[in-house]
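First, one chain by itself in structure tokens, the form predicted alone.
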């Protein structure tokens, strides 16, 4: 009887303290990591392999979500996103003292470029960087504080209740029924000019690009809306391109760090 009560209490505690939906879900993050590996220089690949002991970027891409269950990593929760009103800007809006996704990416790059940083720290921040570059391209991670980045924006997905954040994190990808390797292998064919355009810009430029997409999503989605195949038709190619851009830009950042 006591064991049953304890299990119930632990279950309730887990639900009440759970984090929001995973960012891009596992398949989305792994696809971004796998895409990035195709654009790494040989030197960058060697240096990354040394740090990760041969583990792939796809494998480590979910690390930042996996550690959320450990209380000692709780402080990194706000690093997965940034929220500010649509009529404001990142620069003008009050910052979260605990940090945000821009802080997270810049901190990760700083440690990885530090010749005096330990291997342990570099491995940690490399895994975090791989994840955060993926998060940067999930539009709802550049969202609104009032609905927790779409987590409180209730919709229906194929007649089941969910939220807008989850639709973009994982629901559309799951309904598309492709593995992460299939998603990575079937990106849009890009010309040299298109590739160059994707690679250009700063972390903030890429953040604002996701922000514009977030605004478009809010303009075209209503609370309680029934989302299904028409929504997939409208946005799935956009989602796939975000995964592709995330991978290409992750490689661009890693090539700059590792040569």
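Positions refer to the first chain, counted from 1. This one's a predicted model, so the numbers in the text were calculated from it and none came from an experiment.
Beyond what is shown, the protein has a form predicted together with a small molecule; the following relates to that form.
Although the partner is absent from this view, residue 151 contacts the small molecule in the model of the complex, with a non-hydrogen atom inside 4.5 angstroms. Looking at residue 168, you'd find every heavy atom of it more than 4.5 angstroms from the small molecule in the model of the complex. Contact between residue 136 and the small molecule in the model of the complex is not found at the 4.5 Å heavy atom cutoff.
Residue contact with the small molecule in the model of the complex: residue 140 places a heavy atom within 4.5 Å of it. Stretch-level contact check against the small molecule in the model of the complex with heavy atoms at 4.5 Å: of 183-191, 75-83, 153-161, 117-125, the positive one is 75-83.
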